[in-house]
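Heads up, the chain shows up twice below as structure tokens, two forms, tagged structure 1 and structure 2.
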Structure 1
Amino acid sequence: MKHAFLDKYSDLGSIIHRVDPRVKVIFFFVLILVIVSTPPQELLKFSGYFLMLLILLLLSRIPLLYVFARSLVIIPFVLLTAIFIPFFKGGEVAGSYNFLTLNLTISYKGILIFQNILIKSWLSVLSLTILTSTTKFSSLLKALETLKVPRVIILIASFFYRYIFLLIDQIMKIKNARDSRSFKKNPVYQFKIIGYMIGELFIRTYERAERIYLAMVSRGFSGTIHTLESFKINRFDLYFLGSLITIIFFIRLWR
């Protein structure tokens, strides 16, 4: 079975890859906070944030198409949640359209809010994509743990990453078994079989979770995941964090 691992390019030896994971987590967290707090009408500042991310991406030597393709996944969800804002937000009318018996008006304020949500969402996801693409997932979890992120969040993310691929394998096995039995094209029959597949997957997942839980309890698992990896912040990490945060706030405060 083939899977698209989150840390597909995390083994590259670029400058960004060698930065301490805790430093990268702090930097991207600050960057996302600054992006979210930027007023929506200041488009030039968003261009500055994007230019900074593009430079980091080029330094990381990760394929641009790979990162941009992953970051654009958020766009359909943003469109589903924010596409109607321009039609319902008050303010100066930008245009009016008739659809059947409906008279729809678009306001400039609504367009600005929609544009703001779209840009901020994409830049935030692009930041997280660069973070996860330049850091091993295990190192990222270890960094979050040392930064005092609640342990339950670390455990959920760890188990999700560890067993999601087994779940994908199980889904593919069920799908192959279905296809090998000449899956009919009747829509009603298709829905019936898909319902059986979902039920079978739920039962197998529940049983596997029970076996995993019993195995962990029998081995004395206490809620802490021990690793041999250790982090050490050097002078370059401090220069990296200090200079980039200075640039971020310079862009944010520049008029």
Structure 2
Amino acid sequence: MKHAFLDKYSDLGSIIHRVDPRVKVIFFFVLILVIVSTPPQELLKFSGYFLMLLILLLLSRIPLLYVFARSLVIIPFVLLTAIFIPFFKGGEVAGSYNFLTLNLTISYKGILIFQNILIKSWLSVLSLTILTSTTKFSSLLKALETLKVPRVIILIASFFYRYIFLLIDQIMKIKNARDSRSFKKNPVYQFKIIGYMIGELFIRTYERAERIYLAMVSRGFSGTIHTLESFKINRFDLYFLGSLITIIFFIRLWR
């Protein structure tokens, strides 16, 4: 079965794609830290970061719509956690409503914090979307590995990336098998079936893990996975990192 891949546009080969993955990881990490530490009322600075991301995006030749659609995925989660903040903050009251027996008041401070969370989380996810769509997932893992991210985390991500589509395939197959001979529409019965499906999936995954381990052992695995490093930082990477970090700090510290 066919899937959309996580790193769909990572083969394009633009300037941004060719930058050393380690440099990109460091840059976007610094950028996110700077974004998060910017005071909430400085909207001009946020526009500055956005402009910069937009320029990177245009240089990378990835379809804008794709990246924006991707980055919006996070918004529902943010809304869900942040929606109540405007009601709970004290300070100058922006408006108050009576809803049945509840008296709801919204403060300016609350709105500011809400807006702050929304903007920061969206800009951060936008940054990460650009990073992951301009870097192959395997290179990204390698970059993180050379930047001393713990091996266990890299391994989990690596196996996850390798087997997630296979797992989805299996779910689809089980679902197809169910649908081709399931006639009862009784929801209680359906729930029971879903329970069996989850169990079945667990057993299959467990057994696959066992076989993968045997395949690893057969090729001399003894506890740690080693890979070859294949990155070379060139002068352009250093210019890229230096100039962009200068720009973001300039935006951040400008009064």
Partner chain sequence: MDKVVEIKNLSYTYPDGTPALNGVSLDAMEGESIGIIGPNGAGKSTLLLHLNGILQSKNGAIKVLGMPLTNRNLRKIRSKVCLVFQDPEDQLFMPTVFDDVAFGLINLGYHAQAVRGKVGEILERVDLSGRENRSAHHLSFGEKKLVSLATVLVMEPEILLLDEPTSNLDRKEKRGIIKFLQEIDKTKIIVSHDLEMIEQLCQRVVVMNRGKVVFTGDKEILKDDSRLKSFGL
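The model shown is predicted, which means the values in this text are computed figures rather than measured ones. All residue numbers here refer to structure 1's sequence, counted from 1. Under this definition, the rigid core comprises the largest set of C-alpha atoms superposing within 1.5 Å between the forms.
Just to confirm, one of these is the form predicted together with the partner chain and one is not; which one is it? Between the two, the form predicted together with the partner chain is shown as structure 2, not structure 1.
My question is whether A69 is one of the residues whose C-alpha shifts by 2 Å or more between structures 1 and 2, given a fit on the rigid core. A69 C-alpha, core-superposed: shift of less than 2 Å.
After core superposition, I'd like to know whether S230 moves between structures 1 and 2 (criterion: C-alpha shift of 2 angstroms or more). No, its C-alpha moves less than 2 Å.
Following rigid core superposition, Cα shift of I193 between structures 1 and 2 in Å: Displacement of the alpha carbon, after core fit: 2.4 Å.
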